[in-house]
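Okay, here we've got a single chain as structure tokens, the form predicted alone, with questions on binding and movement later.
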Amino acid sequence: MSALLELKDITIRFGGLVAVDGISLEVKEGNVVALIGPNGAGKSTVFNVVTGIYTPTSGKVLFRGEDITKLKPYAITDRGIARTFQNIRLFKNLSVLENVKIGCHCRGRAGIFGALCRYSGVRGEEKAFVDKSLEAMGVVDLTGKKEELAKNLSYGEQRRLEIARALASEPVLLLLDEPAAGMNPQEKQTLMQMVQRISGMGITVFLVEHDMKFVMSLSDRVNVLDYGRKIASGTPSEVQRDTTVIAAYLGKEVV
């Protein structure tokens, strides 16, 4: 199985602070890969590097063998990488359907002039966006709420709406930043089934998450960060037995 995403010796500094220190890892096509670690370990910073929000101080990001290190976020999305965020970022006063349709527009061809004039080709594209949005909403069980305003959804539903919007961009690689944060056990179980469904659709999943039961149940491979450095990588069972990982989470040396 080939590597879809490769991080090679990624370092990122903010002034004198080293947020990520020489990290290398791979996300193989078709896998669910987790990135875990204590708060402040650099997990979301890694996601920001992959998606072009931050440019690393040194190192390379390769996607399908292409160097995407210095590409803008829109160009990275265009290549098939989508993400959700740790803090929910929805258009609260738009409907569920309208929020998801926003994810489709990176694949649009109409442009501003075409959208204003409403040519037949533009109308056809808009219908395709609606169909694609409904399909994405179906994956996360939100089709029945397509007319609801995003602000009226429950917290767990808003999390799922973010995932639907990302899916509407037709990703090859989906990055989920703490998707289970704030969810109750039932919502987490539902989310776990949805991530498995997404993986079954052939979409590779790279996730950051603090809930270890969630991570270990879903992941093919787990990478562990601590103070900006990768301290372990392996299968869930290998990582759970790693004394360095246990020490990082407990804050003390394991004898």
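We number the residues from 1 along the sequence you see. It should be emphasised that the depicted structure is a prediction, and the values quoted were computed from it without experimental measurement.
The form predicted together with a small molecule exists for this protein as well; it is not shown, and the discussion that follows is about that form.
When you look in the predicted complex, the only residue of 222, 41, 203, 61 with a non-hydrogen atom within 4.5 Å of the small molecule is 41. Contact with the small molecule, judged by heavy atoms within 4.5 Å in the predicted complex, is confined among 211-219, 65-73, 33-41, 184-192 to 33-41. Within this chain, residue 45 lines the site of the small molecule in the predicted complex, having a heavy atom no more than 4.5 Å away.
Using a 4.5 angstroms threshold between heavy atoms, residue 19 counts as touching the small molecule in the predicted complex.
For residue 86, a non-hydrogen atom is located within 4.5 Å of the small molecule in the predicted complex, even though that partner is not displayed.
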